[in-house]
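One chain comes next, on its own, written out as structure tokens in the form predicted on its own.
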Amino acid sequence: MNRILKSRLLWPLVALAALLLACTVRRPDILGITVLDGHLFGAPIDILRNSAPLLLVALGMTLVIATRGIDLSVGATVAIAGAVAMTFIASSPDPGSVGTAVGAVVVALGLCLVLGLWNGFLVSSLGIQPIIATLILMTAGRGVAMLITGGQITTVNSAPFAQLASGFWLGLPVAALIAYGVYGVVALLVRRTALGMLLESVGINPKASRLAGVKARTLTWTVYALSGLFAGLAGLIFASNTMAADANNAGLFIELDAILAVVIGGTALSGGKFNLGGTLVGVLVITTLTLTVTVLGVSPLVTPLFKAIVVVAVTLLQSPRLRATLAGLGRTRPQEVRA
């Protein structure tokens, strides 16, 4: 029992359950799942689909934070990926073909991988602080996306590309299958191989890890490259959902939601030990929070405040100092024995 109470996942799971309970009280049938044309539909399926882009971005962010870094450029990378894909399809002589859609995906992901490698180069080779190195691309990235689209919202009509966000396979959304599939592969790699331990060693003490023979520079390059790649994949899902590239709004503030999801999940921003399971729970909390706000009829103007209250409450409950204080208040002091 004590192990459960001390778990970092306890309060994020309690918050998730509370949000789902609030939705159920307002609309008792909201968690129901129906089958239509061989596909699953319902609020839980919507949560899985809508959480896909954030899960991809938060997954890369977790790996970066594990090495004592941060990646503020993921939002700009999301915008660049959508801009490249939409422009590629729009300029193609056959926008509706499968080959064009595949080419757009490959080109966009290739560029995002290069952008991630650029961040890794600035951090690991030039020794620039991660927050400054990624702030460069965060600032310039949307300008690059604007140059690619010519400052316009580029719209296309490509049925194969639209399947990324609106398609179904085996009754489940393609976007969710992609995101959770990538999550499963990364989780297996970092927990069933030595990769996770090496990442934690770099985050805990980079100098000691290098002296021990760990290739800290290569690992840093790798995590930033993966962060860029995952953000690019999230950008393709965003673009596929609207079939348009909006350089100003695509992925706006997603880097903040990703960091919040990582923190809610119990991963410390100081680096070292990380929790992929906690990141998944954090992503579900933030996505479900959006659904809860809609169901409860909260004004969109107040939504950021509502989100902040939930995040602050969860992080405070996770604080070791606060939990120790509350535990101390619950103990009764032994009475003094008089002679």
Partner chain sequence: MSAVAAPHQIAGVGRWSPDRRYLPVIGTFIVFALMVTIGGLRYENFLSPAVMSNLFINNAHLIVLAVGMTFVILTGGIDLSVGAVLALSSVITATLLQAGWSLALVVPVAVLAGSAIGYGMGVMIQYFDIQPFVATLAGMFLARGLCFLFAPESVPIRDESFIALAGWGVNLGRWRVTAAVLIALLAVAAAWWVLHRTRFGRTVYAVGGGEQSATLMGLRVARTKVLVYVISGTCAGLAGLLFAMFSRSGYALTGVAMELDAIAAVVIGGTLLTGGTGFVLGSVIGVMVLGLIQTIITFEGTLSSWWTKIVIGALLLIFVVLQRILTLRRT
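Residue numbers count along the first chain shown, from 1. Please read all numbers here as calculations on a predicted model, not as lab measurements.
Here the subject shifts to the form predicted in complex with its partner chain, a form of this protein not shown in this document.
Asker: Closest heavy atom of Gly110 to its partner chain in the predicted bound form, within 4.5 Å or not?
Answerer: Gly110 lies outside the contact set for its partner chain.
Asker: Mark Ser166 yes when one of its heavy atoms lies within 4.5 Å of a heavy atom of its partner chain in the predicted bound form, and no otherwise.
Answerer: No - in the predicted bound form, heavy atoms of Ser166 and its partner chain never come within 4.5 Å of each other.
Asker: Is there a heavy atom of Gly127 lying 4.5 Å or less from a heavy atom of its partner chain in the predicted bound form?
Answerer: Heavy-atom contact with its partner chain at 4.5 Å: present for Gly127.
Asker: Consider Leu135 of the chain shown here, and say whether it contacts its partner chain in the predicted bound form, taking contact as heavy atoms within 4.5 Å.
Answerer: Leu135: contacts its partner chain in the predicted bound form.
Asker: Select, from the options 99-107, 167-175, 227-235, 249-257, the stretch whose residues sit within 4.5 angstroms of its partner chain in the predicted bound form by heavy atom distance.
Answerer: In short, 249-257.
Asker: Each of Ala22, Arg49 and Ala187 having a non-hydrogen atom within 4.5 Å of its partner chain in the predicted bound form: is that the case here?
Answerer: Checked in the predicted bound form: no contact with its partner chain for any of the three.
Asker: Which of Gly297, Gly38, Pro28, Pro304 has a heavy atom within 4.5 Å of its partner chain in the predicted bound form?
Answerer: Exactly one listed residue reaches within 4.5 Å, namely Pro304.
Asker: Just give me the single entry in Leu117, Ala159, Ile153, Leu147 that has a non-hydrogen atom within 4.5 angstroms of its partner chain in the predicted bound form.
Answerer: After the contact test, the surviving option is Leu147.
Asker: What residues, if any, in 48-72 have a non-hydrogen atom within 4.5 angstroms of its partner chain in the predicted bound form?
Answerer: The stretch 48-72, when checked against its partner chain in the predicted bound form, contributes Ile70, Leu72 at the 4.5 Å heavy-atom cut-off.
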